[in-house]
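Take a look at this single chain in structure tokens; it is the form predicted on its own.
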């Protein structure tokens, strides 16, 4: 069996899930910490980085650009920053982002301002994802970047060819109003703004996750934020980013699946320690609370400018879901990566749950709206799909389902969680993709008392 065709067989839970554990370090913060530490002047210490393959791609690319990155121990990396002017041409011009859209979009903002040529590419899935949303605004500020035209989507995709700026040219001012809230696009433009002569302004329709802004402010960048507007004005700035010394909090997107798992399996009591509770990332908890569930949150202070807390499910009234969900608008933007987990919760909740404004899910690792609909269909859960939304009618998942993940880690994990409440065992195909974000998923599920078999 090819390595990308690992299979899971998940059996229905026969007893409540029990346990206290930590999830991997936040993937979004890990990407940003590695990139910004590389651009700082001085040595940064980054603890608890995500162990997933996506973050490993960012680390490898920054190292190829001349940044010294070493391991202090298995959980801690030391990054010797080059400063904004110290990156150098990689030995090979083509840089492979694998499946990591965050790597490609954020690093493109940095490379667009350099004096050497590079090419950003990735796997087949990443090379189908739309990149015009970054190439167009980067070109508008003087970058020499071109994607590959996808005749079906009528958009640019990877590989992205980035030509170096020569003759002392620099990027210039940029003012962008995004039609869709996107932390990746916003971060790409802000990172390019570190190298620009003029001001960078990015306005979103609603505020997306703000990890880049928090980190830039902590490092001394000339950034101002006002709700969904971020402005960077380099005039009078010395161009120096201070090094980081941070502990990356646990990934709330990974935690969401375990919160939902504890609701799927009645009577479960689960504690997830040290999770990031940045309000731009906790929309999934609000959605679950609206259903009569959710998790108790015990704040544990701030780490590196990010609020952290422990999540408790099955304690203090956080138990079985009793109502349907309605996720739309600003709430959707704050839980876009957790929608697969929320759909799994809706599938076992009474009534009809509605999820709206999901257009962004159509261009993730898979078309997640279509993938989730196929998953629900395989489990025998009634559902309806529109162009940018879906309705889920709660029921009992049937046994014997065979789920295709389409190489999407979040579809694999959503199916595994829902399988705990099914009438019989579930087969989930092509699950090696989970290594991109949560390689500990199987270990954690077994530790909680779940039954999962791995083959391939």
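A quick note: this is a predicted structure, and the numbers were derived from the prediction, not measured. Residue numbers count along the first chain shown, from 1.
From this point on, the text means the form predicted together with ligand S3P, which you will not see here.
task: Report the stretch among 331-339, 371-379, 256-264, 286-294 that approaches ligand S3P in the predicted bound form to within 4.5 Å, counting heavy atoms only.
output: Looking at the other structure, the answer is 331-339.
- prompt: Applying a 4.5 Å heavy atom distance criterion, does residue 32 contact ligand S3P in the predicted bound form?
  reply: Contact with ligand S3P, yes.
message: Check residue 278 for me: does it contact ligand S3P in the predicted bound form (non-hydrogen atoms, 4.5 angstroms)?
response: Looking in the predicted bound form, residue contacts with ligand S3P do not include residue 278, since no heavy atom lies within 4.5 Å.
message: Contact with ligand S3P in the predicted bound form for residue 325, defined as at least one heavy atom pair within 4.5 Å: yes or no?
response: Contact check for residue 325: no, nothing within 4.5 Å of ligand S3P in the predicted bound form.
task: Report whether the minimum heavy atom distance between residue 50 and ligand S3P in the predicted bound form is within 4.5 Å.
output: Output for residue 50 is no: heavy atoms all beyond 4.5 Å of ligand S3P.
field: Answer option from 183, 223, 321, 244, heavy atom within 4.5 Å of ligand S3P in the predicted bound form
entry: Of the candidates 183, 223, 321, 244, 183 is the one lying within 4.5 Å of ligand S3P in the predicted bound form.
query: Which residue, 268, 118, 102, 366, has a heavy atom that falls within 4.5 Å of ligand S3P in the predicted bound form?
result: Checking each option against ligand S3P in the predicted bound form, the one that comes within 4.5 Å is 102.
query: Quick check: do 57, 251 and 436 each get a heavy atom within 4.5 Å of ligand S3P in the predicted bound form?
result: Not a single listed residue reaches ligand S3P in the predicted bound form, so no.
task: For the stretch 431-456, return the residues whose heavy atoms include at least one within 4.5 Å of ligand S3P in the predicted bound form, in the order they occur.
output: Heavy-atom contacts within 4.5 Å come from no residue here.
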